[in-house]
Ligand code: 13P
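In C-alpha cells, one chain follows: the form predicted alone.
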Amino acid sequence: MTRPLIVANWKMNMTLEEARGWCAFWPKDWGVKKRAANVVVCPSFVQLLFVQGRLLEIGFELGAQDCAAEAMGAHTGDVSALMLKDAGCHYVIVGHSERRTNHRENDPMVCQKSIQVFSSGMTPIVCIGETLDERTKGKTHEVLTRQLTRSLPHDLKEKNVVVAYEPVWAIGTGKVPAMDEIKNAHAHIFEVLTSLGWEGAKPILYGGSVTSDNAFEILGLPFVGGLLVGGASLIPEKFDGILKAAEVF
C-alpha cells in the first residue's frame, strides 16, 4: 500500500485564534520525522493565507473546501480555483454532500468544478455517497455509479483525481458502515473508475465519522487509500491519533 492520503476538512469551524492553536500543536519537523501519510488540511477560505506558511513548516499541504464552477467574472461571494491555487492550495474538495444538499449542487456542477480545479493545476477531491434512504432501498451501487459517471470529466485517464466515498448518513452522526460495506463500496468505486479509464494508483478515500478508534481498521481495507476526516480533525490530539493509525501502512 502506498502512503495514505489523510484530509482534514474543518468545514465552517475555527476562528483564526483557534487555527493558530491547532497549528501550534504540531512540531515544525513533523513531516520530516513522521511522514507516515500525506496530509492535507482544508480550512475555511478566510484562513487559507493565515495557515499556509505554518502548514508548510509542519509538512502538511493546503486544500480548500470548495470552488466556483466558473473561472472568473461577476459571481459575488464565489472563489475561483485559480484564486485558491494562488493562495497555495494543492487540493480542492468538490461535491461534498453538504454542498450537494444545502446548495443544490448536482453532478454536472460538480464536474464543472472538477474541471476548474484541474485547469488550475490542482487535484480535486470529488465526494460521492448515498443517503440512508438510498442505502435502505439497496441503491448504493446505483447511486455511486451515477455520481462517478456524471461528476468526473470524460478524459479521466489524463487527470489527477481523488475520489472520496462518504455515505451521507454517516457524516457527523457517529454511525459507521460495517467494514464489509465499506470494502464493497470501495471495490465498486474502483471497478467503475477503471471502466472510465482511471488509473488505480490514485487513492480512494473513506469519510464519515472517522475516529482514531476506527481509522486503523478502515485503512486496512482493500481499495481504501486514505481518509477524509471531519469533526475529529478539529481537535489536534484526535487527528494525531488518526495519523498514528496510518504509520503502519
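Start at 1 and count along the sequence shown; that's the residue number. All figures in this text were calculated on a predicted structure; none of them were measured in a lab.
Just so you know, the form predicted in complex with this ligand exists too; it's not on screen, but the next bit is about it.
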| query | finding |
| --- | --- |
| Contact stretch among 95-103, 67-75, 109-117, 129-137 - heavy atom within 4.5 Å of this ligand in the model of the complex | 95-103 |
| Contact flag, V143 vs this ligand in the model of the complex, heavy atom cut 4.5 Å | no |
| Distance check, G121 to this ligand in the model of the complex, heavy atom within 4.5 Å | no |
| G231, heavy atom within 4.5 angstroms of this ligand in the model of the complex | yes |
| This ligand contact at I171 in the model of the complex, heavy atom, 4.5 Å | yes |
| Candidate from N214, Q47, N38, S209 lying within 4.5 Å of this ligand in the model of the complex - any heavy atom | S209 |
